[in-house]
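Shown here is one chain on its own, the form predicted on its own, set out as structure tokens.
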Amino acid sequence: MKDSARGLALVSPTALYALAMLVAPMAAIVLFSFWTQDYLTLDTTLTFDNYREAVTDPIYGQLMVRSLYISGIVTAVTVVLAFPIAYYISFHVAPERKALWIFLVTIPFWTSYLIRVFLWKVILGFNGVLNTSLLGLGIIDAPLTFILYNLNAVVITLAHAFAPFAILPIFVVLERIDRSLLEAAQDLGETALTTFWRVTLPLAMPGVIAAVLIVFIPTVGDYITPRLVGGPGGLMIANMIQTQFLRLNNAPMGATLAVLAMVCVTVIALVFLWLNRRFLRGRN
């Protein structure tokens, strides 16, 4: 058997499994988006009516823009806060203790995502831990109302939930940086700040890009956090998709919104990758 045939035989089961588990559901969602449904009656006639309604109805556009906006803020906050942590672990923690630090970073994964969201609801609530502590210390005279059931609560909760996903890829890339390059830059007269800006950061960009995509893509489709801590002002497009599927019994419209959300995320991700490539090319 030739090497190419042997390789094809090895990857074929995995490829077929991926097609069955990934491509088939995606194709079903796309197909559903071109159908219509009137409560229990499903019309399989292909039509663009769902897309016309999704584009023209302002509520869908508002939710889509809000979702992308919230995800963008969450991504920026998470990556900006994750980079110093990953940098400290990689460059300032003794090698024999790095595994312990990574272990501590992954501790949030030990509990259910739903439990973590409920804990933030308890912390940020009107009579929650944060307000009670600030009132007890005399820092505020009345409980803060802008930290729960709005956009701020969604950003805080999602940033905490996805922080490990941002820290780990950045740490892995920082660990691969040849330390002799940094020493050579400083030997040539670069300061610690310019060495970081001109050497460390460009070399760490693959990890930063991975962290951005890992955080941005799933947060657009998150519906648990907005439902529990977002309130009316923090709901996202995923909540509308859930409503269409489970409450309004309008699966085609829910599929349409899901397809539009995937298209928006894909376009933004590709634009981000293109801009990053131009940035790195300009630095070189």
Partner chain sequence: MAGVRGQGHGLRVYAVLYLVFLYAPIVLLPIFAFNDSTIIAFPLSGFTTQWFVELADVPALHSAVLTSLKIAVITALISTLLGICAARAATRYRFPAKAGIMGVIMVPLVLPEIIVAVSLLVVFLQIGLELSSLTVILGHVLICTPFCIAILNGSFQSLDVSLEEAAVDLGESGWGAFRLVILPLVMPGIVASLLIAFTISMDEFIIAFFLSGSDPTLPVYLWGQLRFPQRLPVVMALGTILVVASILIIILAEWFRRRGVAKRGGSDSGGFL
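Residue numbers count along the first chain shown, from 1. Quick caveat, the model's predicted, so the values are computed rather than measured.
Unshown form predicted in complex with the partner chain; subsequent notes refer to it.
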Non-hydrogen atom within 4.5 angstroms of the partner chain in the model of the complex for each of Y60, G231 and W274: no
Any non-hydrogen atom of F34 within 4.5 angstroms of the partner chain in the model of the complex: no
W101: touches the partner chain in the model of the complex, heavy atom cutoff 4.5 angstroms: yes
Contact test in the model of the complex: I107 vs the partner chain, heavy atoms, 4.5 Å: yes
In the model of the complex, L144 touching the partner chain (heavy atom, 4.5 Å): no
Sole residue of A258, L235, M64, A54 within 4.5 Å of the partner chain in the model of the complex, by heavy atom: A258
Partner contacts in the model of the complex for 9 to 33 (non-hydrogen atom within 4.5 angstroms of the partner chain): L10, V11, P13, T14, A15, Y17, A18, M21, L22, V23, P25, M26, A28, I29, F32
